[in-house]
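Below, in structure tokens: the form predicted on its own, a single chain.
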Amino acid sequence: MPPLDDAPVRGHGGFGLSCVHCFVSDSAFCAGLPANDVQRLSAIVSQVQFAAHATIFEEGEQAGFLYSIAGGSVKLYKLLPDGRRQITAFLFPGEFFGLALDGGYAYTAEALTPVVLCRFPRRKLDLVLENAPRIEKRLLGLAINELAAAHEQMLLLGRKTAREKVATFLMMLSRRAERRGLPATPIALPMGRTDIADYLGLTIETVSRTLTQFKREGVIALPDAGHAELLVPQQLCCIAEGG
């Protein structure tokens, strides 16, 4: 599905400078960069919108752009040879994605909710990087963070029980919300139970049953399908760590 909109960003949206287009100026990819680097990026960026459940790009597709999320949430996934799906990440405002492997996207990106993205043409960004080592360093840091997140998910999938996985997932969302300046609880769950299952390597029945158990134990509350309130986060941390 094509984006809903594709328009140049006026001013310096997403770069820590004043702009009506920017929703996450403090946590965006470009936040904190010097003004001259901001100007280089603002000259090549455009803003696009995608409807919920729209495909932003597919695994193996020529990687023509990199993206930073200005609003909404995105999931990244890979299809296994037998047709099963492994979700590798859930991304939120201020986070960056679209790094390539041998010129092609290494995963499929799909909008969980309606999203607003800052889009950077890869070829133009490469030219910018030749004269902007600070931006290049920022991209290297993002690549390292992505690798670290992949290592954490390997541990999550390989060495934890279902209860530990779900508890770890809830605490992860809480910590990431705090980094975006949001309350630690309640947390938004824009992804469905099937998505959570495909991220944690569980069945949807196991995810639903575990959440219900946590609710029955008074550890969390589920006011609706899209939110969870962490009533006893210390206990969740203990469960996540195998206690």
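From 1 onward, residues are counted along the sequence shown. Computed from a prediction, not measured in an experiment: that's the story for all the values here.
If you look for the form predicted together with the DNA, you will not find it shown, but the lines that follow are about it.
With the partner left out here, the DNA still marks one of 173 to 181, 189 to 197, 56 to 64, 35 to 43 in the predicted bound form; by a 4.5 Å heavy atom cut-off that stretch is 189 to 197.
Put simply, of Ala89, Ala106, Ala162, Ala132 only one has a heavy atom within 4.5 Å of the DNA in the predicted bound form, and it is Ala162.
Proximity of Glu217 to the DNA in the predicted bound form: non-hydrogen atoms within 4.5 Å are absent; the residue sits far from the partner.
Using a 4.5 angstroms limit between non-hydrogen atoms, Ile69 is distant from the DNA in the predicted bound form.
When contacts are judged by a 4.5 Å heavy atom cut-off, Gln49 does not count as touching the DNA in the predicted bound form.
Taking the partner from the other structure, the DNA in the predicted bound form has a heavy atom within 4.5 Å of a heavy atom of Ser208.
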